[in-house]
Each structure stands twice: as C-alpha cells, then as structure tokens.
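Read the single chain below, which is given as structure tokens and is the form predicted on its own.
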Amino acid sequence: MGISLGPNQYGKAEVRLVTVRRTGGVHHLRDLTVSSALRGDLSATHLTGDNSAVLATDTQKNTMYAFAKQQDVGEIEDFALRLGRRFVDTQEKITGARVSVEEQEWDRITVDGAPHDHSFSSSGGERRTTTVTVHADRAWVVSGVDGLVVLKSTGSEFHGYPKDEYTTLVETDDRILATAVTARWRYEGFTGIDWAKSHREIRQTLLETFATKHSLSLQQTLYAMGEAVLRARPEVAEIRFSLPNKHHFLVDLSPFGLENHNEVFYAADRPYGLIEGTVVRDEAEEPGPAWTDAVL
C-alpha cells in the first residue's frame, strides 16, 4: 500500500492587530484580524521533522506587527499583498502564500456636533474582508464584506413552489425579507484599483439593489445584486454570496380576536434557509487559486 503526503499548508491564524496613527492630536484607528498560510516544499518537516524550510508561525505574526509599524497599513488589500510577497520572496522553499484580513470599522464619537479626536464606537458586526494569494509572479485578490445585515418590510413575495404531504409553509405576496450578506468578489487586472472606493461603491450597489428589487425569491435578489455589481464595476470578474434567510413569521393573533395585517412578526434565528450562489462575467479569466483560498 503506497502512502504519500498530500496538499498541505501552515500559518498563523487570527492575529489581532490594532494600530493607532497620530496626526497631531487626531488619532486614526485600524482594527484588523490577519491570518497567513504558506505552501511549498514542506515534505521534510512532515516526514522527518526537518524544520529547515519552516518559517515559524510566530515569525509570521511578528512580520505582521513589524510591517504595520514600518509603513502605514493603508488599504487591507495592499497590506495583504505586501505580506504575501514578503513570505514568498524571502523563503526559498515557500512558493505560495495566502494572507486574509478582516477589518472591523470604528466610527468617531460625536461630541457637541463634532467628531472626537480619539474616541470611537463600533458600528456593529459588519466587517470588510480581503484574501490575497501570492504564487511565484502572480497574485489574486478577493475582497468582500461579512455581516452586512439588511431588511425590507415589503416588496418581497414567495409562492409557486412545489408542495407535498410535508409542506406547511403558506404562500405570500407580501413578506419581510432580511439577510446578513456575506459577499466575496474577485478582482481581475487589479493594477491601479482604488480599493477603498471600489469597496465602498460595491457595498452601496448591494444595498441599493436589495432595497429596490421587487423580490420573488431570495435567489432572485442574489442574482440581481451580483448582476448590478458586475455591470457597475469592470474591475470585478465575479462575485459570490452566502445569504441566510432571516425568517420573520407572522404571529397568529386570531386567538385574541385580533387581525394581523403584516404588523406583528416573530423573528426566528434558527433554523434558516441558506441561499448561496455566484454571478460571473462571461469573459472572466479562470480564478486560479483565488476562490479556493477565499471560501465563504
């Protein structure tokens, strides 16, 4: 029976990195979670315990901290590209690196109508994300958003689905539609992209499309959001979504002699429908390792 080592990688996961950049009395806060994963000729450490090709995960962590000190973090895509290139270029046996970054946004607290210089509040669970893969002289960038919670109180229907002896769901032509958007979009030919502007405008396109698309299913809304992004953003080759259906069930008030005209709902956190899909530009390049590295 033959046995051999299959694909493998190693790295440092979920390094918490907070920076404070001071411009006079005004402080600028960045709150990141950074993960690395390195690949290459690592058979010796697995088969014999020879660690001569293993850049310690502690060193990877320290590199993240040092890079954040030596140069302003800037856009998370650029920070991840710098780290990935460093790991590949300085380690002989390392041929590929994946660097993932999540950013938690902080808003300045308003005091007497003006933003405070050094006090902040968290806007919630939404996070900006990127995953960069560096291999030889190539790089792939997949950015996105996690936890973008949206809800519309009308403009959504669901009917015409198959029914059998186990079906209890009642058709509706007016329901609450709510989800927490996880989206990943793959950039193509990304030289010169203004990462922050691109992210901001993609996010706004997602919000506007969710709000204005009359929905007959969450699947239809998913496609509409993806199509709108691809039409508006030529730098995006494809976009993937994972959309949990945050169900709001109409409460039966008839036992109390009350009618409920889509006014009182029970918000259920689980179980929930999970709608996932990809919208891709027909002429897009093959993604290489980008999608396998940027799992939703």
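Note that residue numbering begins at 1 and tracks the sequence as displayed. Computed from a predicted structure; not experimentally measured.
There is also a form predicted together with a small molecule; it is not shown, and the following applies to it.
In the predicted complex, which of the listed residues (A13, V280, L17, I275) lies with a heavy atom within 4.5 Å of the small molecule? By the 4.5 Å criterion, the partner-contacting residue is I275.
Select from the listed residues Y223, F120, F190, F158 the one whose heavy atoms reach within 4.5 Å of the small molecule in the predicted complex. Residue within 4.5 Å of the partner: F158.
If we take heavy atoms and a 4.5 Å cut-off, which stretch out of 146-154, 128-136, 102-110, 210-218 is in contact with the small molecule in the predicted complex? Going through the listed ranges, the match is 210-218.
Report yes if any heavy atom of A114 sits within 4.5 Å of a heavy atom of the small molecule in the predicted complex; otherwise report no. So A114 does not count as contacting the small molecule.
Please tell me whether any heavy atom belonging to N245 falls inside 4.5 Å of a heavy atom of the small molecule, as the geometry stands in the predicted complex. Looking in the predicted complex, residue contacts with the small molecule include N245, since a heavy atom lies within 4.5 Å.
How about H199: is it within 4.5 Å of the small molecule in the predicted complex, going by heavy atoms? Contact with the small molecule, no.
Is there a heavy atom of R184 lying 4.5 Å or less from a heavy atom of the small molecule in the predicted complex? No, no contact at 4.5 Å.
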